[in-house]
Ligand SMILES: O=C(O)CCC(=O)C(=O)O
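What follows is one chain in structure tokens, specifically the form predicted alone.
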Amino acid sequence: MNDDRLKQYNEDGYILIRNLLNEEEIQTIQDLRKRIDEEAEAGGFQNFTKGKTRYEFERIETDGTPARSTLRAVKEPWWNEEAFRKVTGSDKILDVVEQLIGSEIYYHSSKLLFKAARGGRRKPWHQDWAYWDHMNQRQVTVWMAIDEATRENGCIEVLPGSHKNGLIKHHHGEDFMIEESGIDTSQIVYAVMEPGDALFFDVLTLHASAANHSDKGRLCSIIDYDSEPKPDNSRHGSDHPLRSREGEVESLAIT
């Protein structure tokens, strides 16, 4: 990443890097999702937990189409899914993260999210840091498109420069969200992405995604990286660095 891209990140609160994941890496996450769906179908699509990883499903009912059950989210796949960890924690991703938050890199949190066709719900406007504002603010979220992400199926929407305004008050409404009446819709940037594209954004950058009314599902992987170890009172994060100032790489084992 060159100086211009870094300047853009600091100014806008995000950068979009095209084709960061190759075809093999994209297929690895697609295969992971397929395996999870097959296991869930055999178990009646009941939510379940393995170690620190939570697997959640939902039933989609849309007028004119049969009701169907599908994956909604895998929370903290890093800990139980080696394939996810290898793709999202690769050196090429950590190389970008290092330029954004420094050479001390800790794992913070992760998700595999699926926005189902004709029924995937919207995510209201929010800042990621609002979920864990007791932790260090020097973090970055990496949102990677596994399926094509379009305006029709609910791509990420961002407000450039919103990270400069600090933490905005959130409330529990439709979801954990800000008051949306003040959003200047003329400033929204729609991050339309092809499979393999990656959006890196500051945890104070305001973002959202619309409901999926299209015939195409939208699968993405999300991982957050921190520049400090987790505090004792947090359920998020790791105690050991993936990279340190001395260039050491720590392997966080599956638990």
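Numbering starts at 1 and follows the sequence shown. Here the structure is a predicted model, which means the values were calculated and not measured.
If you look for the form predicted together with this ligand, you will not find it shown, but the lines that follow are about it.
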Next item on the list: Decide yes or no: are 117, 148 and 212 jointly within 4.5 Å of this ligand in the predicted bound form, with each residue judged by its heavy atoms?
Entry: no
Notebook entry, point to check: So in the predicted bound form, does residue 156 come within 4.5 Å of this ligand, heavy atom to heavy atom?
Noted result: yes
Next item on the list: With heavy atoms only and a cut-off of 4.5 Å, decide whether residue 222 touches this ligand in the predicted bound form.
Entry: yes
Notebook entry, point to check: Any of the heavy atoms of residue 123 lying within 4.5 Å of this ligand in the predicted bound form?
Noted result: yes
Note to self: Against this ligand in the predicted bound form, would residue 128 count as a contact residue? Criterion: heavy atoms within 4.5 Å.
What the structure shows: yes
Notebook entry, point to check: With the partner removed from view, which of 32 to 40, 185 to 193, 48 to 56, 203 to 211 is the stretch that lies within 4.5 Å of this ligand in the predicted bound form, judged by heavy atom distances?
Noted result: 203 to 211
Note to self: Going by heavy atom distances of 4.5 angstroms or less, which of 92, 138, 111, 164 would be at the interface with this ligand in the predicted bound form?
What the structure shows: 111
